[in-house]
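Okay, here we've got a single chain as structure tokens, the form predicted alone, with questions on binding and movement later.
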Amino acid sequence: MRDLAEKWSVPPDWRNATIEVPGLKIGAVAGLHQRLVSGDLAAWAEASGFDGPAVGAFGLAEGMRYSVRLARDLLLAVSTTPFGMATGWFSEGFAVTEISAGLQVFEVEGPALDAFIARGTTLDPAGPPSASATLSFAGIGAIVYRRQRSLRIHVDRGLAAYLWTWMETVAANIATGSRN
């Protein structure tokens, strides 16, 4: 029987995977707690204690706990520490779903960040942040926003190896001065 697994690239060990070229450093972010929240987001914010508005594409997320807007009634809550709230449906009108294992997170930083972004999407990173952080990046659906001086990208774990290969190629092109 033919081994179809040979078609797919083997994902790296995300705990210590890095891409470093002059002007750009890319790595996987481990240990984040991620939850999807849908429904009445104002009621969720009150019940959970999350402060501040949810950020959109290229918006700046700050603090140890923050939220990222995905749609009008959907957001991704991200925290470096465990959430103090259960998952499931809440009578206040919102639902919380654990998704930490379903999303792989990458962080990109360096002076060549704008060149990297320009290869991934047609959105202007210098423009105003959009309401939703969900966009097409490198040809796949991704959640993209700024965190400190870096860019964070969340993708479905099944697409992480593809995105990693794409980032390796783009980083090499940026390092050699190629416009591709």
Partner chain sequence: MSAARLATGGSAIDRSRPIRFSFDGASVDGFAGDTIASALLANDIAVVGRSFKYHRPRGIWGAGVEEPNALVDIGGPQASPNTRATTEPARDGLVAKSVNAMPNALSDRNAFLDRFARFIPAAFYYKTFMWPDWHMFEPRIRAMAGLGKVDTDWTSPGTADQVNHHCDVLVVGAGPAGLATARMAAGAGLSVTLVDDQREPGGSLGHRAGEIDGKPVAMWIEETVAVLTAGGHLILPSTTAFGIYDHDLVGLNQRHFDGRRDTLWRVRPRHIVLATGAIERPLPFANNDLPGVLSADAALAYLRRHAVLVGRRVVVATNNDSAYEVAAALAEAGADVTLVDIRRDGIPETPAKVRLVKGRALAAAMGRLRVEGVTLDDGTRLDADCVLVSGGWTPTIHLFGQAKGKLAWSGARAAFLPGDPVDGISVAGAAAGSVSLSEVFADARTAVAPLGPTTAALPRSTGPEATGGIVAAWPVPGSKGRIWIDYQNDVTVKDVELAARENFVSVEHLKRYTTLGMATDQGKTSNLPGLALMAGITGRTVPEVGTTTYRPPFTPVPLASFAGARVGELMAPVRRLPLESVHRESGAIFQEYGGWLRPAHYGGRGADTDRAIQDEALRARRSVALFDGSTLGKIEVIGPKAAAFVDFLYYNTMSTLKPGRCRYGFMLSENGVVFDDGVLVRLDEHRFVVSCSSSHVAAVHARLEEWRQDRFGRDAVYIHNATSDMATLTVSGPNARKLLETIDLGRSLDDADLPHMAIGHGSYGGDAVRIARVSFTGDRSYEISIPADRAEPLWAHLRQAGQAFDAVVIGLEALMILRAEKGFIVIGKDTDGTTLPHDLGSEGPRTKRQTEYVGRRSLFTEEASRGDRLQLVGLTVPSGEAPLPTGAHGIKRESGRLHSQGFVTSSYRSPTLGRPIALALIERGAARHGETIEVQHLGKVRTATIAAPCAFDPAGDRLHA
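Computed from a prediction, not measured in an experiment: that's the story for all the values here. Numbering follows the first chain given and starts at 1.
A second form of this protein, the form predicted in complex with its partner chain, is not displayed here; the remarks below concern that form.
Engineer: Can you check 42-50, 146-154, 60-68, 121-129 and let me know which stretch has heavy atoms within 4.5 Å of its partner chain in the model of the complex?
Structural biologist: It is the stretch 121-129.
Engineer: Find out whether any non-hydrogen atom of residue 158 is located within 4.5 angstroms of its partner chain in the model of the complex, and reply yes or no.
Structural biologist: Taking the distances in the model of the complex, the answer for residue 158 is yes, it comes within 4.5 Å of its partner chain.
Engineer: Whether residue 99 contacts its partner chain in the model of the complex should be assessed with a 4.5 Å heavy atom distance threshold; does it?
Structural biologist: Yes, residue 99 sits close enough to its partner chain in the model of the complex that at least one of its heavy atoms falls within 4.5 Å.
Engineer: May I ask you to check whether residue 88 falls inside a 4.5 Å heavy atom distance of its partner chain in the model of the complex?
Structural biologist: Yes, contact at 4.5 Å.
Engineer: I'd like to check something about residue 113: if you look in the model of the complex, is any of its heavy atoms closer than or equal to 4.5 Å to a heavy atom of its partner chain?
Structural biologist: Output for residue 113 is no: heavy atoms all beyond 4.5 Å of its partner chain.
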